[in-house]
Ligand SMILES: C[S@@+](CC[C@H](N)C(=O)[O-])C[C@H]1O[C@@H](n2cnc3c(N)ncnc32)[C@H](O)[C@@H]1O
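The data below hold one chain only, encoded as structure tokens and taken in the form predicted alone.
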């Protein structure tokens, strides 16, 4: 793997931040090398300076998109961390179901959920499985379940709903795999009934979120940890604008809204924390 020089890293630090909001420093040379290094061969670049020049001069933005796909973190798996899904099942969703049914029992109940940084889609499909298990009369509900990510490659895989054996076995029991996936060769494809519940699109949480509806629940887990304080404030302001009054926000276990926004109220349930829009 070719090494990035201090001068090249100095160029890529603000460039990556401009493209993705991710904050790098001189200690992250290994990360840039491991993620962007393969692009040097793919794009026939002799060094990182040439990669940068090619990206900035490419009117089609294809090189830029390749850099975004490579540098953004797509580490995820089905039912990741488990606790957030227990929080959904035992607190947030039951509260919403009770509220909706009490407010308008004669109308078709609604529920809207957004995974704001969905990576390759495992979080969104995990939520869909939770909904299928929790709501016996789910066909009566009007459900909007959406995922967005800054990476074109991640959104493409999520939309296809195809995963390797290792990916499906990471986080799911064999019975769940058999129930919700079909094996096609050496891959597992999400069954049509689950795929029909979800929508995916490209989105950047630091840019205006155009054309999105407001949501009852938003998940933005393990996203802000890569951003500067200023960009975290921008992100959470955007998210607050996309939540319905009283809507719930779920973030990563190591993340906090302290000092970033006053638009949310912290809620605790068992050992979990979520935030309600004031």
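Positions refer to the first chain, counted from 1. Source: prediction; values computed, not measured.
Beyond the structure shown, there is the form predicted together with the ligand, which is absent from this document and is the topic of what follows.
### Query
Heavy atoms within 4.5 Å of the ligand in the predicted bound form: which stretch among 238-246, 48-56, 29-37, 214-222?
Of the stretches listed, the one contacting the partner is 214-222.
### Heavy atom of residue 204 within 4.5 Å of the ligand in the predicted bound form
Because a heavy atom of residue 204 falls inside 4.5 Å of the ligand in the predicted bound form, the answer is yes.
### Query
Looking in the predicted bound form, any heavy atom of residue 156 within 4.5 Å of the ligand?
The answer is no: residue 156 has no heavy atom within 4.5 Å of the ligand.
#### Entry: Contact of residue 112 with the ligand in the predicted bound form (heavy atom, 4.5 Å)
No, residue 112 stays farther than 4.5 Å from the ligand in the predicted bound form.
### Message
Taking any heavy atom pair closer than or equal to 4.5 Å as contact, tell me whether residue 144 reaches the ligand in the predicted bound form.
### Response
No - in the predicted bound form, heavy atoms of residue 144 and the ligand never come within 4.5 Å of each other.
### Query
Among 80, 89, 179, 162, which has at least one heavy atom within 4.5 Å of the ligand in the predicted bound form?
The residue in contact is 80.
### Query
What residues, if any, in 224-254 have a non-hydrogen atom within 4.5 angstroms of the ligand in the predicted bound form?
If the 4.5 Å heavy-atom criterion is applied to the ligand in the predicted bound form, 224-254 yields 226, 227.
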